[in-house]
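Here you get one chain, nothing else, as structure tokens; it is the form predicted alone.
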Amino acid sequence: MSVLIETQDLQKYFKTPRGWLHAVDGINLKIDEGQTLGVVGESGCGKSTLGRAVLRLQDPTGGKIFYEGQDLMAMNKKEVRSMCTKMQMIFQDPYSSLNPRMSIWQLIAEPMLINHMYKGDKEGLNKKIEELMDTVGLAKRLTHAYPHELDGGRRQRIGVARALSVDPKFIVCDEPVSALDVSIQAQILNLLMDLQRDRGLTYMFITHDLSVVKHISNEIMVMYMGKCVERAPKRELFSNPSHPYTQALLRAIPEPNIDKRGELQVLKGEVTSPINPKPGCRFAHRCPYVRESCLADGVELQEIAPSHFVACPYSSEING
């Protein structure tokens, strides 16, 4: 399998009155073609900013991004815009991401018209829109309906159709099911997985729901305050979580079977400020295993098993 997307020391900082906010700080990742990387973490950890930075919807502060070996950071705005047909995004809120004054036909047609596809071919454009609506499960009778007339599931299907309209190979899914009912979540997840199988799509799937990411991902990256604290194949991460933060996240998953419920690990301490963060582990102030060296030294990812990386020098000792 070839690598489709790769980042090297990717950074995205925001200027604030108190200093630089480190939203994404030194992220290294690789996503193979046709695979899904799940990105998980609590709100404010930098997941969505990472997705936008990879697509250059927000220009990174530093680092490199490669798409099929092409350096996106070396491209000018015109060249980046030409890459939009290869990389797309499905946004979190299907209502606020759609123009309420545009019909479904207009919303799906817009990306193709902007990219000069089907220029002068109205019949071909109509046929493509019908195909996309059928693909994502939207009835033809809704062609001239508006977003406010639809439920959340149908609105999110419009977002999926818009992303697919320019035939991309890579899609960032930014919490695409978090605003939906559980039954609708399953429908959208199954739709995304079917599209991946049929079209060979590659996903970065951003979510805070570990049960969702377990269902759809091949590999999972756990983020905390702009940093990657653990990255591993799906089965390895769930069977052998090694970072204290990952362990706390997994123990917070509701377990309907009383006999299988583990002890809930409540994290204590305050979340440190992401503005001008101090050296050392950013999880140290909430970690039950913290040591003095954790506050002083920079913490790098270490490979503890094949393709399993952890940003904790004491993980093997903690996990026995």
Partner chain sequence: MAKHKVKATAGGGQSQTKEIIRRFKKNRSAMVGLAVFLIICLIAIFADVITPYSNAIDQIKGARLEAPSSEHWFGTDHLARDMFARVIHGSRYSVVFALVVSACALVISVVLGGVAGYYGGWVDNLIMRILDIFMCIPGDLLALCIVAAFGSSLPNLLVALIIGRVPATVRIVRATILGISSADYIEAAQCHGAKDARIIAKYIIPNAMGPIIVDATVNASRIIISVASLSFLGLGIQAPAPEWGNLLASAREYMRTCPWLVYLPGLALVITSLSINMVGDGLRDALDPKIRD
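This is a predicted model, so every value here is computed, not measured. Positions refer to the first chain, counted from 1.
There is another form of the same protein, the form predicted in complex with its partner chain; it is not shown, and what comes next is about it.
Novice: Please state whether all three residues Y224, N276 and C287 have a non-hydrogen atom within 4.5 angstroms of its partner chain in the predicted complex.
Specialist: Negative, none of the three is within 4.5 Å.
Novice: Within 4.5 Å of its partner chain in the predicted complex, counting heavy atoms only, one of 105 to 113, 193 to 201, 225 to 233, 68 to 76 shows up; tell me which.
Specialist: That would be stretch 105 to 113.
Novice: State yes or no: in the predicted complex, is some non-hydrogen atom of A179 no more than 4.5 angstroms from a non-hydrogen atom of its partner chain?
Specialist: A179: no, not in contact with its partner chain in the predicted complex.
Novice: For T207, is any heavy atom within 4.5 Å of its partner chain in the predicted complex, or not?
Specialist: No.
Novice: Hey, in the predicted complex, does L57 get a heavy atom within 4.5 angstroms of its partner chain?
Specialist: Looking in the predicted complex, residue contacts with its partner chain include L57, since a heavy atom lies within 4.5 Å.
Novice: Flag K122 as yes or no: does it have a non-hydrogen atom within 4.5 angstroms of any non-hydrogen atom of its partner chain in the predicted complex?
Specialist: K122 belongs to the contact set for its partner chain.
Novice: Scan 76 to 105 and note down the residues that get a heavy atom within 4.5 Å of its partner chain in the predicted complex; none is a fine answer too.
Specialist: The stretch touches the partner through R81, C84, Q88, M89, F91, D93, S96, S97, L98, N99, P100, R101, M102, W105.
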